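Single chain ahead, by itself, as structure tokens, in the form predicted alone.
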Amino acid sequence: MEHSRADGHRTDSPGRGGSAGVPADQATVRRSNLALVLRHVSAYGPCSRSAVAVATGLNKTTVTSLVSELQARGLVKETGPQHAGSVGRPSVALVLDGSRIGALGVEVNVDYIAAFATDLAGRVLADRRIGFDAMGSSPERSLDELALMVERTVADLDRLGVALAGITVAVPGLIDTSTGTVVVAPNLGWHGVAVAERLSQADIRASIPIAVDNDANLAALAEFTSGVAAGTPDLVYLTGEVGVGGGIISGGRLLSGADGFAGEVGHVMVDPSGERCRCGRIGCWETKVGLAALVRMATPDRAYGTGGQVVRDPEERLAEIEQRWAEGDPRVDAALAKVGRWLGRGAAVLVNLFNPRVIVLGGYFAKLADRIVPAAREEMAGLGMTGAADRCRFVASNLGFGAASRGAAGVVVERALSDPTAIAIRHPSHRGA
């Protein structure tokens, strides 16, 4: 049985046989070597086969065989002779290909559905978002709309001649990643929703692997790999949506917890006499700093749950809040000040627990960072442990509301780089060694 981890890697159960009758240990070694060569070419290409052999410690004959298989799978290509400035015949340079292999990340959230696709080299192939009232819709209706988004994006990729290596779905909730089931997503009203199973019934090829993970975890991975704080080994990402979630990178790795449920920071109680949260508890942090709370305070006539309104993208809601702020509406000033203070109080808890160097503000937090961070920084400094709080800074994400779907696509890419054998051979003439 295969098990999905929160970081998107796959682990195989002991005793599992290799493919095509190859003994398990031999298949595992070859898969590992394929990944080793592919990662080197991805990181250091263009490079020669000889350079790959020196860097990886594999002999040249093995590297030649491995490169041949990677070429057959459409993962590596030759770019022509590489001149190193020495006398003799120039070597042939290798680079990452993957231009015909795609990775798709999709997200369903309270008020939108998004899709983001890249090829394995990181070229963006699709980036779209539509307004959708998932909070006011049944899980079945939401999954139908999500499936439609997937089908349309897959069709677009097909027209580009791109075959999908996999799909990862981001959902704001607790996820059983081994089955692709949403255990609970309070702001969506979902309980025990089999997302992967439903999408497997969509009008796409049955062979495409489908995984499901928490939106904040996926967004944190996107930030760690390509965001404003990329490479920071200890960071916390805050979603800044209607609900508030956290993705925690500790020591360069995603902190997932025993059941993969770590990071539900929005449901930490910060006010025992506060309002009831959609999770059923009192005084959760997201009741103070979530987008729904800001909208309710700043534009009460546009609050979530108000009947008869057209579903609006969060960008539109923020544009209206900014317009009212520019017009001098005192409710907006008061709301932003209150959100900033509560953001800092919750951040102090995160600093005391996880000692991050950076707290990355995503979603609407990023859009309004210049107006909420000063108050947040002051509160965090006053309540966080001395030293830890002083060395932690807020930064605004530049990935927008698409961070989770971008991270979801990145997980698919990472999986392909870790296991090239998951990509079908495109050139049948190849013969494995």
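Counting begins at 1, following the sequence as shown. From a predicted model like this one, the values you see are computed outputs, not experimental measurements.
There is another form of the same protein, the form predicted in complex with another copy of the chain; it is not shown, and what comes next is about it.
With the partner omitted from this view, the residue of G260, G74, G166, G340 that lies near another copy of the chain in the model of the complex is G260 [heavy atom within 4.5 Å].
Checked against another copy of the chain in the model of the complex, the candidates A375, V29, A35, A396 yield a single residue with a heavy atom inside 4.5 Å, and that residue is V29.
Judged by heavy atoms within 4.5 Å of another copy of the chain in the model of the complex, the contact stretch among the candidates 273-281, 193-201, 317-325, 114-122 is 273-281. Using a 4.5 angstroms threshold between heavy atoms, R205 stays clear of another copy of the chain in the model of the complex. Shown alone here, M385 lies within 4.5 Å of another copy of the chain in the model of the complex, counting heavy atoms only.
Mapping the unseen interface onto this chain, R253 counts among the residues with a heavy atom inside 4.5 Å of another copy of the chain in the model of the complex. Though the partner is left out of this view, E264 does reach within 4.5 Å of another copy of the chain in the model of the complex, counting heavy atoms only. Contact check at 4.5 Å (heavy atoms) against another copy of the chain in the model of the complex: all three of R345, L353 and R357 pass. Looking at 124-144, no residue comes within 4.5 Å of another copy of the chain in the model of the complex, counting any heavy atom.
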